[in-house]
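Have a look below at one chain only, the form predicted on its own, in structure tokens format.
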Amino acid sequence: MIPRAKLKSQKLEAAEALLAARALPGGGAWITRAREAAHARVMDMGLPVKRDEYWRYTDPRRLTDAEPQGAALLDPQDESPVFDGFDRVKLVFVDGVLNEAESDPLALEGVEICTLAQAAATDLHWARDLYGTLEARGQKPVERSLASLNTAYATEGVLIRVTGRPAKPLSLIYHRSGEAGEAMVHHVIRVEPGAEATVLENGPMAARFNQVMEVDVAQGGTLHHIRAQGRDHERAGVAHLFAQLGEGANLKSFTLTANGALIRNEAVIWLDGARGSAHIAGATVGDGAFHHDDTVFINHAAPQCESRQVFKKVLRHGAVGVFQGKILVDQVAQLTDGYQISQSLLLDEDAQFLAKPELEIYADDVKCSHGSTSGEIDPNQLFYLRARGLREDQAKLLLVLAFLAEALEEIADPALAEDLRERMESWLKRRV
């Protein structure tokens, strides 16, 4: 076992090597304070290494090396963009920078939108109470220094304040123009009391990316978050979601991932008000040199709240899937309803699924459950479908889609769920 002092030294050396040639961006007083505090957190914690408890299944070196590895581009004509058939307000990022020429006007009834760069130039902004605040809160009980790195150095992103019920979803679209490069994007979303909105994300942000989304959902507010991470085979990245929910607030977040050399999605949710609800779900399809890590922490800090974690992964040809999920129930959080399920379908003997489900409960009147399974396609089910005239590839495709269905059911909008189901079926037809 490596000594703690040596481990800390390795983490600090990684941080110093990455930040040696970087300077903190300028800006107004509020964001300068937030960036300086985040930089101090990074230099105190260091960057993650494989020896860290919550990185034991995922080697973070591709995310922390001073120079990012390149990633080959896919043919943009390969298929139509995700969500292309929906009426939405498009905010287009190219290589992590908002492209105003390709984006729609930042104007929609019931919502206020501005860029992080615009807000950073001011000395007063509504986001000053949120930017970096939730990320800092999320450093306990587990250090998340890559998120602090983002808070300190990100200069791009959007700040969204939802004051009503906008008629269209807000769509964050990411493109990359070359095989090299990295991007840091930081979004802040504030949902006011009783307001409701849908935020969509799709596309490959960069060969290496680091994203943070901080979300504050006030009393009675609702946010739907749906993300499709694209099909880049060689990209590496980490995406963080930090969210705090007030009384009666609701959050539904779903992520669809296909391909990628290394992807880690972290979600840290606090149910701070009574009768809140948080649903975090994901469907993953991986083939070959693919490593996908979902790490989720949900803290029930108020009574009568509900949470669901539903993660399904289909893996083959050496692909690796990781799930680390925790439900923490504070003593005051009586009548908690917590549900967690992580499952993998391994299509051959080379694929691997690593799971670490956790429950930590201090209240005595709760309903909490967790489960994790890993297995192959049921030969009896396959035989049943084959006996009714389906080819083997058709039968396997139906069984894989049925396996992933529970995660897709977490999407509230049936049209969006069907669009992603069809997209997933198209991807699987090429592989299964």
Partner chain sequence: MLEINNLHCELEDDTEVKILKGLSLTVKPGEVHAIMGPNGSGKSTLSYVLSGRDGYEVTEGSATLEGEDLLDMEPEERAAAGLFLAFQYPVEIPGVGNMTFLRTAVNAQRKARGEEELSAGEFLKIIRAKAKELQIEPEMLKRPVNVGFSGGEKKRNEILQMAMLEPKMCILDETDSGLDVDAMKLVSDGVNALRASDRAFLVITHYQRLLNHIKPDVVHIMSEGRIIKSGGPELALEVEENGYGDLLAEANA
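Residue numbers count along the first chain shown, from 1. These figures come from a predicted structure and were not determined experimentally.
As for the form predicted together with the partner chain, it is not shown, yet the points below apply to it.
Note on the partner interface in the predicted complex: the residue among R33, R391, K367, R56 having a heavy atom within 4.5 angstroms of the partner chain is R391. Proximity to the partner chain in the predicted complex, taken as a non-hydrogen atom within 4.5 angstroms, holds for one residue of M45, V49, A37, L398, which is L398. Per the 4.5 Å heavy atom criterion, the partner chain in the predicted complex is contacted by stretch 373 to 381, the sole one of 37 to 45, 65 to 73, 373 to 381, 22 to 30. Not displayed here, the partner chain is kept clear of A363 by more than 4.5 Å at the level of heavy atoms in the predicted complex. The partner chain is not drawn, but in the predicted complex it has no heavy atom within 4.5 Å of R61.
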